[in-house]
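Just the one chain here, laid out as structure tokens, in the form predicted alone.
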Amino acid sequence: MTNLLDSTRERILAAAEELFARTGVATTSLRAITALARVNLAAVNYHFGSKDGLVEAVYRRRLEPLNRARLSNLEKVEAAAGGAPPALEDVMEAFIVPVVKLGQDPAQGGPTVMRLLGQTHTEAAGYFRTYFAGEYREVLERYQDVLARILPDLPPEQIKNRLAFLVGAMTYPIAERQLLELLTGEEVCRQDIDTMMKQLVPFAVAGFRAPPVSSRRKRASSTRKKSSSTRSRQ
């Protein structure tokens, strides 16, 4: 009985993952999922309670291993550094490489889960923002702490922003494959995307090493002070 229940649950998850990756969460109905999984609606309600519960389960089974890999990689990088700030290149690899491996491993969803992640970032529904914030919080905070040690002159807010830029850069080749093909004039295959993801390491390193950017408020304040000083001298 347990094996049958597990099999039913896995069929529902696999069907939902495939349809979410193909057409998005909002436009995928439970009826379409149950038809592909060859189960009835009661089975979805039994295992997940609702569509929202199913969505969360689909993403959790992919994001939890991804986040564990990122944290494990970071721990190894820090241990190898022996108490000193680790190399920025190693930290970027620790963050990026698990996504590349995820896309290459059919057991972890392979190309389907990559399309799923890209679809989600594109869709950006309200409950995604809440769920993703919770799933990513520990990972992002750990990486922000390490990056602050490596780049002490970079303000925390700019470290946070640059991590967000990195996530966006990782998502773009996956979610916007058609646009990428229009820009390059060539068909983009899975191997091309894997190569692009690996090229993100030096790209990300250069981005994080860029000097801090002064805020507009500070520049405006500085301009006012200079103007005031000029008027007083006059």
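Here, rigid core means the biggest group of C-alpha atoms that superpose within 1.5 Å across both forms. Numbering starts at 1 and follows the sequence shown. The shown structure was predicted, so the numbers you read here are calculated from the model rather than taken from an experiment.
This protein has a second form, the form predicted together with the DNA, left out of what is shown; the following refers to that one.
Does any heavy atom of Arg62 come within 4.5 Å of a heavy atom of the DNA in the predicted complex?
Result no; Arg62 lies far from the DNA in the predicted complex.
Would Thr28 show up as a contact with the DNA in the predicted complex if we use heavy atoms at 4.5 Å?
Yes.
Although the DNA is absent from this view, report whether Phe165 comes within 4.5 Å of it in the predicted complex, heavy atoms only.
Residue-level check for Phe165: no, no contact with the DNA.
Ala35, heavy atom within 4.5 angstroms of the DNA in the predicted complex:
No, Ala35 sits far enough from the DNA in the predicted complex that none of its heavy atoms falls within 4.5 Å.
Which residues from 50 to 69 come close to the DNA in the predicted complex, meaning a heavy atom within 4.5 Å?
Stretch hits, in order: Ser50, Lys51.
Displaced residue check between this form and the one not shown: Asn40, CA, 2 Å or over, core reference
The answer is yes; the displacement is at least 2 Å.
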